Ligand code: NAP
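Single chain ahead, by itself, as structure tokens, in the form predicted on its own.
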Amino acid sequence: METILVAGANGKTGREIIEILKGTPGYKPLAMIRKEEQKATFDLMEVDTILADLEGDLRAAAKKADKIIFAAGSGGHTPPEKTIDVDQNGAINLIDQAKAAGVKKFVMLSSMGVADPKNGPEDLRHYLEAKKVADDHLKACFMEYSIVRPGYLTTGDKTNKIRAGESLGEFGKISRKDVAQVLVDCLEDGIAQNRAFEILSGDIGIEFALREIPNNR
């Protein structure tokens, strides 16, 4: 049984991830929360929690994890300094502590547009730039990883079908539920290993789409 620390567990995507992990044999979710009052939600779900802040000390949280899913984020529509604190420095903080703790794989929820922030929407440029710094740090840390870059997240139903590739050449949408499933599937050793890739809604089963992304390094 592998313990999967979910950073951003209280967010919309984070809760979807927790639900999937609960139903996936071999995984035990551990919800990372910032506030004590958030614990009650996960108590009802019968999910363990750990109190930790991306802007604080993450050593204890990282030491409890076999693998990590980073699904936290400011969403981009926040002051630049907050984006840097959470999406850049907060992610780097957890990556560094994960490496020090010997975490076996780090799955990062990123965003389309991160590969080339200068060509992204002007109002999201600071967000994309912060995410790129964090993504690049993860790539350089010599820890196994997958970096998932979805298009616009919708509240649509889960389809279990996507398009995936290093660069899809267009912007689009994808269900938040499908993104959560991709993140969980990337926990498996050898799946999208050491790759950053984009995903959109599509017509290929998630499992097959991810296996078609070649491993790197």
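Quick caveat, the model's predicted, so the values are computed rather than measured. Start at 1 with the first residue shown and count on from there.
Although not depicted, the form predicted in complex with this ligand is the subject of the following passage.
- Of the candidate stretches 146-154, 59-67, 161-169, 186-194, only 146-154 has residues whose heavy atoms lie within 4.5 Å of this ligand in the predicted bound form.
- K39 falls outside the set of residues with a heavy atom inside 4.5 Å of this ligand in the predicted bound form.
- In the predicted bound form, this ligand sits within 4.5 Å of a heavy atom of N10.
- Put simply, A180 is far from this ligand in the predicted bound form: not one heavy atom of it is within 4.5 Å.
- Contact between I95 and this ligand in the predicted bound form is not found at the 4.5 Å heavy atom cutoff.
- Across the proposed site, P117, A130 and K139 without exception lack any heavy atom within 4.5 Å of this ligand in the predicted bound form.
- Proximity to this ligand in the predicted bound form, taken as a non-hydrogen atom within 4.5 angstroms, holds for one residue of A134, V103, V107, V86, which is V86.
- Contacts between stretch 15-40 and this ligand, counted in the predicted bound form as any heavy atom lying within 4.5 Å, involve M32, R34, K35, Q38, listed in sequence order.
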